[in-house]
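Shown next as structure tokens: one chain only, the form predicted on its own.
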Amino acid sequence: MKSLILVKNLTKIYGQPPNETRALDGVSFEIKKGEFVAIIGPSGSGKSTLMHILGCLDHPTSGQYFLESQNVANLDENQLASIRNENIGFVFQFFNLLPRTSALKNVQLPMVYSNTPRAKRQERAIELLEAVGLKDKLKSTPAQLSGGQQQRVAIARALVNNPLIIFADEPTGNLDTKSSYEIMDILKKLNKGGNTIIMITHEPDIAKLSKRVITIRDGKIISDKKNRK
């Protein structure tokens, strides 16, 4: 299986001495195509900082980050934006949907930025909303949807440009237990279909539903284990 992500001695420091904070402290690991990896740790452990760097939303202070063999650690903002648009889909805890816009138009939004023709945008958005079980909610706004349904819209939106990786940042953190497991079922199905998924969570029960768990504490990886089937 080909390497998708390779991280070598990644460090992220905020502030200046003597008041600096080392959010990441020499992190190294590899993720292959088709994996479903959960990154777990308590608040302040560095897991969100790590996701922001892996998702090309932030730069490391030092170290190397290879995405498909390209060292992206030192790319400029325009280059990072291009990688995000072409290779990465994001799912966030608070959904980040436009509140007065229908599910159908929310899902189409990334395709607007990638200049996809309107007819193709609509066709693709309908296809994905049907895939996440929202065939009858195309015209519903976020306020008319439950939390679990809103997260399904967010997952459909993350998939529109066929990303290499889906980054899910606490995707169940704002949901009840039933909705949480429904969202995890969707992520597992996507992974079974070939999508690489990297999920940030603080919930051990949710992390156990992935294939591999990287535990981080105080900016360091303290364990990296495959889950039993």
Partner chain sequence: MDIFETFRLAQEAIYANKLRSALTALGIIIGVAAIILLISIGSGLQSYVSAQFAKLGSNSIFIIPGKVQFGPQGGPPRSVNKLSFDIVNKLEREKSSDIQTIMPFIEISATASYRNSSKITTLAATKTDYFAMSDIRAQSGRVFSSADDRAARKVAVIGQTLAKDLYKSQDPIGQKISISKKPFLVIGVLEPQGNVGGIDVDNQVLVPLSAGRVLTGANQVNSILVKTTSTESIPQAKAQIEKILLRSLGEDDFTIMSQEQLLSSVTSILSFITIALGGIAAISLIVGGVGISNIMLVSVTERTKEIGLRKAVGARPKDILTQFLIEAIILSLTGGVIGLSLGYIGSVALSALIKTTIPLWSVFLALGFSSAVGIVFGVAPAFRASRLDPIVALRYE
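This is a predicted model, so every value here is computed, not measured. Residue numbers count along the first chain shown, from 1. Only the largest set of C-alpha atoms that superpose within 1.5 Å between the two forms is called the rigid core.
Unshown form predicted together with its partner chain; subsequent notes refer to it.
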120, 139, 135, 100: which sits within 4.5 Å of its partner chain in the predicted complex by any heavy atom? 100
Of the options 202, 52, 33, 188, which one has a non-hydrogen atom that comes within 4.5 Å of its partner chain in the predicted complex? 52
Note: its partner chain not shown here; in the predicted complex, the stretch from 61 to 69, 43 to 51, 193 to 201, 176 to 184 having heavy atoms within 4.5 Å of it is 43 to 51
Taking heavy atoms and a 4.5 Å cut-off, does residue 77 contact its partner chain in the predicted complex? yes
Spell out, yes or no, whether the shortest heavy atom distance between residue 112 and its partner chain in the predicted complex is within 4.5 Å. yes
Could you tell me if residue 81 has a non-hydrogen atom within 4.5 Å of its partner chain in the predicted complex? yes
Flag residue 57 as yes or no: does it have a non-hydrogen atom within 4.5 angstroms of any non-hydrogen atom of its partner chain in the predicted complex? yes
C-alpha of residue 123 off by 2 Å or more between this form and the one not shown on rigid core: no
